[in-house]
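Below you will find one chain, with nothing else, as structure tokens; this is the form predicted alone, and questions on how it binds or moves follow later.
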């Protein structure tokens, strides 16, 4: 292999660096109109009347829509369609769209928007998920559970949980509280829609899920799927935030239908915050039971999740907050209760490492608390309890390759853990945490398990160029590059011969999108199979030319040759031309269908995956005890993604995950006063700056996965969860204070330090061996 396993720059890097890549907001069509959405100032209210007469009279206005024109509900999950293009009869959060306007300029649309008159009747507002979980006087959605505003409730139990806690020698309890955070992608949401005179609708959108958007457009607008085309241009970051079909995408299409002209909508940054679909505000209680030797005996998780005003991926979120707790440790008994409540806030949805981050934080902090009770090194406690490879968890997760113990060993060695733990000066500390994540959900959202999750088509014509048709959405993570590497290596050609044509639903086969870290594993397998099918055609052509057995030919360096007789060789182009005789252009197809995994209980498929990544991180910090500021100095990130197809891209994903995780830990917060979002801008919503990033050493540790493409597993989301608890555990090592309420802003840390000083002084926690003295 000359491409797979090597550090190859992204194939779209030259376009991005030169500034010539085309994003949705760059697309222009002849006669294009500007779209504007009038948004609700109320968090929960009945719509009594909407007057658009004056707005419609504004010069330049071509179309105006209200919710009753297209009232069909939609959502990414077929079982929870509870969003509408525009509000129908009532609004459920501040910022929800009520009226849409298309005009000849954005200025004209904004002038018309100011003339829209909407009369509201205010309803009770729900900002606390605990209140929403009980009896309510007004349901946010009629589909909520009983007389509550609960969107979803999950209860699962495996093994003798009560006995495990009854007989435990040690029990630790962690009560975590986590603010909501959003994706803060560099590119805001943008869409262009063109309903052509032939009755076909084309939509260009910054999306992670072209196929699901395609379905939503058809369902809501009543247009047959074969008359809808979705094109994904370059995307400037997604992280889950572009993983749903969204109202503005449908609004642009509907306005184009009404006006019979193309329409472009680019959301302002404040609108992006109201769209949200970010990480859920969460309260969780995690209890861990262990015997006297430190073997885990039971895990009990309770999570209350603030879902905001719509379901989005919420049903999956509710399951993931629990089921993604069953690794990387062997847990003989597990119980989970999860509740996701509607509130009158912008909807929460999927965000990088969806559903696992907050629970993982509480578990990994709990593991350190347990280690302290047992008077053992926290790395030693983890080593005692890791899942082995080739095993099945008690809730049916099939674990194939697993190098988490090697990850921990590598992180310990590189960080010099043994000489630093509990030995650094006051204010300095080191901490550890582990994690695991899925390589794609093995359960397709809309189709039966027999439907392929990914399909790739290849085409080679007389010029020898290889066109890869895929529905996989490259959102910056580099999936186009991975496709090109796999295909080029199998066919034995230079990567410059490979052109990735993704995503255009008119030409690309169905791929379910970029979420749940599914792309490398599932699309990669499909691409490899398509390339191998194409290689078989070229081998047959080489056999016809030489008279040698087709299966003996090896493809490399633009030719097919016999390894034992290198003088017997056929140039790549000669093989292509010979294979094309009497058939024309060469074509092949490959697909990936996940094996059926999991039990037969309710929710058994949630979290099941063909493979899992594993991680062990060590972080070193310095805490300014006068100002409360946490400085993360180093992170040693050991990650098991099997055999990395492109180590350069994997390292980029690890570093990006660490940046995002540190943002949630150290300062990012969707700050609400009641139901009102107080910081809907990048000036007030503080992502961490480059100077806040630590030195990161990426340690790629792992064996090739037996089912992954060339042994690869996911590396897009699994690198995020361990960094938060690793830093938090390092802070405890530095100043002896546990923090369970995120984010750890300097004022919060300073107040805790001052309280500890008043109680008797700030001291580092004792070393494990000091307990025996």
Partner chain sequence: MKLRVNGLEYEVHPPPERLLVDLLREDLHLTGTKRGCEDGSCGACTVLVDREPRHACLTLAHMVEGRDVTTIEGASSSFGLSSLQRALIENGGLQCGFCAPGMVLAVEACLLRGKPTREEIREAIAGNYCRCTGYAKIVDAAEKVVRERWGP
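Positions refer to the first chain, counted from 1. Keep in mind that this is a model prediction, so the values were computed, not measured.
This next part talks about the form predicted together with its partner chain, which is not shown.
Partner contact region in the model of the complex: 228 to 236, out of 457 to 465, 515 to 523, 228 to 236, 486 to 494, criterion any non-hydrogen atom within 4.5 Å of its partner chain. Interface residue among 685, 74, 158, 421, judged by heavy atoms within 4.5 Å of its partner chain in the model of the complex: 685.
The contact with its partner chain in the model of the complex, taken as any heavy atom within 4.5 Å, belongs to 264 out of 264, 345, 360, 339.
At the 4.5 Å threshold, heavy atoms of residue 182 reach its partner chain in the model of the complex.
When contacts are judged by a 4.5 Å heavy atom cut-off, residue 681 counts as touching its partner chain in the model of the complex. Its partner chain in the model of the complex is not approached by residue 378, whose heavy atoms all lie more than 4.5 angstroms from it. At a distance threshold of 4.5 angstroms between non-hydrogen atoms, residue 755 is out of contact with its partner chain in the model of the complex. Along 629 to 662, a non-hydrogen atom within 4.5 Å of its partner chain in the model of the complex is carried by 648, 651, 652, 653, 655, 656, 659, 660, in order along the sequence.
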